[in-house]
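Presented below, as C-alpha cells, is a lone chain in the form predicted alone.
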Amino acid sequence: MNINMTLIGQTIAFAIFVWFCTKYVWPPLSNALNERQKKIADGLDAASRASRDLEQAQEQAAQTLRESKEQASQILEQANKRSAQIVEEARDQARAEGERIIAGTRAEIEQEINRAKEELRAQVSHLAIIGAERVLEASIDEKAHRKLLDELAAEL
C-alpha cells in the first residue's frame, strides 16, 4: 500500500464525512441549540417579568396593608366617637331622669305640705271651737262649725 493513496483516501473519506455532517448532522444540532437558546432567553424573560410582577404585587400588598390600617384606625376613631356619644347621651338621659324624679318628689312634698296644712287647719279650728265653747260655755252646732272652718281656711 502506498501512503499517498492512504492519505488521499483518508482525505476523501474525511471530506465525505464533513459533507455528510454539514448536510445531515449539523442542521438538527444547530436547530436544537437555537431552540435551547430561545427557551433559555424566554425563561430569562419570564423570570424578569415574574420578578417585576412580584415587586408590583408586593407594592400592592403594602398599599392594601396601609389602606387597611388606615381604615382600621378610622373605624376605631368612629367607634370611640360613638362610644363617647353614647356615654354623653346616657349622661343626659340620667340627668333628665334625675330632674324628673326630683320634680316628682317636690310635687309629692308639696302635696304632703298641703295635706299637713289642711289637717293643721282642721285641728286649729277644732281647738278654736273647743276654746270658744269653753269661753262661751255654749256649744256651736255642726253647721256653724263648718262655716267657721271655711272662714279659717280662707284666711290661711
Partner chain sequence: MAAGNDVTPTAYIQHHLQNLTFGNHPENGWSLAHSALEAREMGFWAIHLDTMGWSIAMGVLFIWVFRKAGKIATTGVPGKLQNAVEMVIEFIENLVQGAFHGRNPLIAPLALTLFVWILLMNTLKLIPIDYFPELFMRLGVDYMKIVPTTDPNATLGIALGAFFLILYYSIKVKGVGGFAKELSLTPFNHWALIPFNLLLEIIALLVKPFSLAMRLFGNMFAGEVIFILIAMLPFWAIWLLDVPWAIFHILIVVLQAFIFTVLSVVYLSSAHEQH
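Positions refer to the first chain, counted from 1. Source: prediction; values computed, not measured. Definition used throughout: the rigid core is the maximal C-alpha set that superposes within 1.5 Å between two forms.
One more form of this protein, predicted together with its partner chain, exists but is not displayed; see below.
- The partner is absent here, but in the model of the complex a heavy atom of L33, alone among A90, A62, L33, L127, sits within 4.5 Å of its partner chain.
- The partner is absent here, but in the model of the complex a heavy atom of K39, alone among R66, K39, R100, R52, sits within 4.5 Å of its partner chain.
- Within this chain, I8 lines the site of its partner chain in the model of the complex, having a heavy atom no more than 4.5 Å away.
- Taking the partner from the other structure, its partner chain in the model of the complex has no heavy atom within 4.5 Å of any heavy atom of A132.
- Its partner chain is not drawn, but in the model of the complex it has no heavy atom within 4.5 Å of A144.
- Remark: A154 does not count among the residues lining its partner chain in the model of the complex, judged by a heavy atom distance of 4.5 Å or less.
- Proximity to its partner chain in the model of the complex, taken as heavy atoms within 4.5 Å, picks out 25-33 from the listed stretches 25-33, 90-98, 66-74, 108-116.
- Superposed on the core, the two forms differ at L29: its CA moves 2 Å or more between this form and the one not shown.
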